[in-house]
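Encoded as structure tokens, the following chain is the form predicted alone, with no partner shown.
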């Protein structure tokens, strides 16, 4: 039961009826008709913009159309009042019984409440993390990892066919540097004194394990070999070892992938050449000279002919290079082939989750995707801004294992995967995030993880106390929900009823942080009602002198518990029954 979509259908039915009897024109576009929650609860339960968006195509004044609509809506099932506000918005108040029936739906459907079919089974590819396989994942990757994983879960709950994908950047100079770093540690594992790590190689302690594993597998076979002999072998071994480390770290955060795609594989299969040949045949690749980048002085710039993609024809600001000075393909060239490959696999909707340092790459990738798919694929790039790790407000020192950054595993080991996942969604992805180790362990309202978990645990506590007071209470569905009449109780039920709308809205906007926001709001309403019961004994959840009232309120608490558990599990966070 989705009260918002159900009422929108009622509005559509009213409009179509008015069109049928000639009161409104036929064929009005109803796509923009929306049903929302009024900003002020005093205005009613629901608000619709129907008159505002249909007035012009209907050839009417918004308020005149609103009067026409309210006259019909006032008689609709479950509607208590329908009133016009401002220039033509319509505010509706629903019967309390309708909200109580919604609570009954929550109790009957359980965690499936909020499931939606708006996706219609459409395939969606969510590509996230996709870190270079040159070292452990760091705290910055944590945010993109959680964002992508929860977005995928959210889309699946909304009815989309979702594939989680990791793109392995295993081609190019950085993996050759990885191989040389691994070979140095390999020689160290065999007893050589390697001295200080040369500049340009990866210095982290994690490389020691790679070298030792290679020495254990191959002995001294590569110790005295020429680089041309050992480089491809060591490179492959190091990439596989690093990807095993990445998989282990992500698994510790509760994240797995459906597909891993190798950049090197695309290159070796000739996929990059094929895709770019196709662009060239269409006249979208040419040899030209770019203007100096913004901020460059003339003496810093050496113009030279380059192989360029006509990105400006597809919305980019400048055309983009496809080849390096040595004649090899740029990363951009490989990325073009990769996004065409995703389209060829059936993904017209592609979502890429990138780090803050990739913001300047968005327009060119959107342009390229539009070009290679003929505009059929829609690419949505979500940039996750930086995460600052703090302790009591002060920056945390770097990891000894990584050498230059705080690893994802460090963070998980410190506070646990559930805390990491929840906190990473307490801000919109495009806003910077402070992760304070002290604050996330506080037991206060200022710690959203604790506050929401406390509400869930408190629901279980109420159930245990009710079982002690009334051991023979039946299932929640048999409770008389008509006894829930207090304004605060009804407000809590109305908030529960918003859950399906939150799911659909967050899925369509690709904004999983809305789930965390909603859970915090629901927890606050529940805690507020608990506090109100302490002040007014007749509003307590358990009234020992009134079995029926207790049963009804226990059903309400069960509904809260169900929705919070559903939301936490969607976020990949285990709902706790007790807090210690």
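Computed from a predicted model, the values in this text were never measured in an experiment. Positions refer to the first chain, counted from 1.
The discussion below concerns the form predicted together with the RNA, not included here.
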Hey, of 354 to 362, 206 to 214, 229 to 237, 275 to 283, which bit sits against the RNA in the predicted bound form at 4.5 Å between non-hydrogen atoms?
354 to 362
Note which of 113, 454, 222, 257 lies within 4.5 Å of the RNA in the predicted bound form, where distance is taken over heavy atoms; exactly one does.
454
Exactly one of 469, 252, 122, 290 has a non-hydrogen atom within 4.5 Å of the RNA in the predicted bound form; which residue is it?
290
With the partner left out of view, is residue 172 within 4.5 angstroms of the RNA in the predicted bound form by any non-hydrogen atom?
yes
Using 4.5 Å between non-hydrogen atoms, is residue 38 touching the RNA in the predicted bound form?
yes
Report whether the minimum heavy atom distance between residue 514 and the RNA in the predicted bound form is within 4.5 Å.
yes
According to a 4.5 angstroms non-hydrogen atom cut-off, is residue 294 in contact with the RNA in the predicted bound form?
yes
Does the RNA come within 4.5 Å of a heavy atom in each of 20, 141 and 483 in the predicted bound form?
no
Applying a 4.5 angstroms cut-off on non-hydrogen atoms, the residues of 564 to 580 near the RNA in the predicted bound form are 577, 578, 579, 580
